[in-house]
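Single chain ahead, written as structure tokens, the form predicted alone.
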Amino acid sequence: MFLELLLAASLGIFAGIFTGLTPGVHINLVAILVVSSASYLLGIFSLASLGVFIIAMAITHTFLDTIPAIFLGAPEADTALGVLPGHKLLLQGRGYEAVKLTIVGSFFSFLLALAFFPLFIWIVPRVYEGLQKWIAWILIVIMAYMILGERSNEARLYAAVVFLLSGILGAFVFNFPNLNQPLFPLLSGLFGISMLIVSLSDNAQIPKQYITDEIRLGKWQSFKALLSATFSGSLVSFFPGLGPAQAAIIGSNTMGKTNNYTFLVLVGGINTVNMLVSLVSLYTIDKARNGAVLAMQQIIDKVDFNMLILFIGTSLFAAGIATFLTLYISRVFSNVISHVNYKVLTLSIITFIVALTFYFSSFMGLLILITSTAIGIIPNVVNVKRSHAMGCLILPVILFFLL
């Protein structure tokens, strides 16, 4: 049995490497394939082994998905807000350092969440019903605070416009029938292609990348970012409609003043904490809060305490392996990417994203991609924070809870 579980965890880690490094391929896709093949796989593996595979894949993915976001500008919902600060460091020759900051956030926030696990088990069933009705108002207050935090009334107006435009687009995309992979063109336009186009217009070049053990972050700043990642990542794991993107908005505002370094730690930590604490929601209130856990719920009717401990152990095993894997693979990316013509690379990435969009979502996806790219360029033109474009995810959630 132990060897079977070890094999399942190892296969899950390999699957997480594939999904994490391949833009457009999400863990949910692989998880769905596992569910659809469950009747056949259960003839070979146990229920627990299938759960271990999904958990190992999901945790590994949260470490490695920052590499294409930072080096290629190809984000998912979990990494969209990390693209801009990560790309800035890349253009300063510190892409490896940017990835390392996300690893610091992922691994140490994971350990912090693990320490709070007994508290989460106690608190989740007690706060779930009480706080659910306040989610929309919490998000409204946070977004109002972000918009009012801009430097002038004109900038605040532009920020509100970016939030509303992206939010209206997001509401349309999520309610459009039979649209496959709606998030891919939406987020790729708002945070990926728009950023790449701006870089091209600025004639940016990728300099030599430096592999260094240095992290330009103080201990107190690190601790605040890790604590904020643990808090916001666990908070959104309790409630429907909220995910790592919303957690990044909540976390950055609860943490106070942030810079590129602390924000990357925050984004890295949120993704992993969200995945880990989703197990608490599954165990305590029998609710799945992300696609991977939902897929596992369809295979395993009820997660008991022994299975919860098994999944936590699997998460710890996968997090340890994924930490070293991400460091190694980011070194490879750093050594290769500076030898590539940036203009050719950028145009190739844009072409690749356009092709994937058409493959997943046909002409409607291309229309969404073009529209979201146009909206994504606005913050650079009017000089406001790109994070206001997270309205694409936040406004639909607000409307969901209010209407």
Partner chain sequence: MNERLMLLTAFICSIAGIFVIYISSGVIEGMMQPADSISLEDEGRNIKVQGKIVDYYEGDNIVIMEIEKPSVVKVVLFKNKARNLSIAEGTQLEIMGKVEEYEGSLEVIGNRVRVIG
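Numbering follows the first chain given and starts at 1. Nothing here was measured: the structure is a model prediction, and the numbers come from that model.
Quick note: we don't show the form predicted together with the partner chain, though the next part is all about it.
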The listed residue (Asn180, Asn153, Asn259, Asn306) that reaches within 4.5 Å of the partner chain in the predicted complex by any heavy atom is Asn306
Checked Tyr283, Tyr158, Phe107, Phe120 for heavy atoms within 4.5 Å of the partner chain in the predicted complex; positive is Phe107
Check whether Leu5 has any heavy atom within 4.5 Å of a heavy atom of the partner chain in the predicted complex, and answer yes or no. yes
Quick check on Phe263: any heavy atom within 4.5 Å of the partner chain in the predicted complex? no
Lys302 within 4.5 Å of the partner chain in the predicted complex, heavy atoms: yes
Given that the partner is absent here, does Thr314 sit within 4.5 Å of the partner chain in the predicted complex, heavy atoms only? yes
Only one of 186 to 194, 136 to 144, 326 to 334, 274 to 282 sits within 4.5 Å of the partner chain in the predicted complex by heavy atom distance, namely 326 to 334
Those residues of 332 to 351 with a non-hydrogen atom no more than 4.5 Å from the partner chain in the predicted complex are none
